[in-house]
Ligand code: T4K
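As a starting point, one isolated chain is supplied in structure tokens, in the form predicted on its own.
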Amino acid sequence: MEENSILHVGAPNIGSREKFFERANQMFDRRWLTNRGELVQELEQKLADYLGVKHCISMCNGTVALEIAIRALGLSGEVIIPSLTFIATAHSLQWQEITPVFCDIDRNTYCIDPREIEKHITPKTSAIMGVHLYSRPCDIEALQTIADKHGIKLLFDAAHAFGCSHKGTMIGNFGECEVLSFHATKFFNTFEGGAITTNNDELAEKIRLMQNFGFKGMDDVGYIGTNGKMSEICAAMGLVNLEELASVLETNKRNYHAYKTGLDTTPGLTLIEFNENEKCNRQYVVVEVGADYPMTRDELMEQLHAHNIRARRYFWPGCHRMEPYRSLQPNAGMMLPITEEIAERILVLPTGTVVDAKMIERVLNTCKGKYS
């Protein structure tokens, strides 16, 4: 790329075009474009095998996957979630007239803090939805203990954690179910897509019915459902990208350590860390801008943007400060001091297969004020 080319957070990783077109031509030859064709079935099986989970049900996108998971679990009333997450986590509940109750996060992990959850539990609480944020899993065991104690469900928004593990077990195997996103900005993508994973046979059957209008057979609808199916062309993209997964993971790891080496000598900028004993996708390079850095987080972002580096403030200002939640729950921030602190400090830098060592040096030099 040119010296002044634009670097984006979430630029798509794209596998072999030749292999993709081979898959696409197979699809055209079969004249089967959707409705769980061979490519979708193959992708689901390969994903299930990779994750070591019994069921992987592909979806048209991660948001619909969240909505179907919530409905399949029969959730109602209130569900406890973090506010430091993508807005779809909250919307998937509110869309179904379920109230998202925002809980504060752990200062070290940025994930929902189990120590804060019980103060939010009421007779209306039906579940906890943890969010594995920035490739770092929640404190799964603590959340499960709380859910079991109160007789409520536990599920996970795992949009950031495909390819990650927790205590040696792949994300996708925890709670009642976990929801994955394969959006183009994710390190593994199917153009647009998602999936629900579960080891619960009964739940998986219900999810499959709900994903396809409730059809049990050709002319037999046995359950209320919607259209959440993944298309064959998206599955083709997924299969091709799955073949490149190891290479993408290695690239992300190399990029992360290049950033870490550069930022370790930059006072005021702290790169989030990962457990090197676990599998990790390092999907996002996240820095926390401290008080001893010469600029605020937003000033640094403007500086980066001025040099065509499109850093992002994921996830500022927090769901509780977006509509409709800031109107429905105007005092929510009083219970979220860590969330509000972190939301003002974090910045996400570009990574992925379109980013090389020279580009990372350009980002680092901008952060160090060499391109002011």
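The shown structure was predicted, so the numbers you read here are calculated from the model rather than taken from an experiment. Heads up: residue numbers just count along the shown sequence, starting at 1.
Another form, the form predicted together with the ligand, is not on view; read the next lines as being about it.
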| property | result |
| --- | --- |
| The ligand contact in the predicted complex: residue 126, any heavy atom under 4.5 Å | no |
| 4.5 angstroms heavy atom contact with the ligand in the predicted complex for residue 312 | yes |
| Contact of residue 159 with the ligand in the predicted complex (heavy atom, 4.5 Å) | yes |
| 4.5 Å heavy atom contact, residue 253 to the ligand in the predicted complex | no |
| Partner-proximal stretch of 201-209, 115-123, 177-185, 226-234 relative to the ligand in the predicted complex, 4.5 angstroms, heavy atom | 177-185 |
| Sole residue of 286, 248, 72, 131 within 4.5 Å of the ligand in the predicted complex, by heavy atom | 131 |
| Joint contact, 135, 138 and 171 to the ligand in the predicted complex, by non-hydrogen atom at 4.5 Å | no |
| Residues from 64-102 in contact with the ligand (non-hydrogen atom within 4.5 Å) in the predicted complex | 66, 85, 86, 88, 89 |
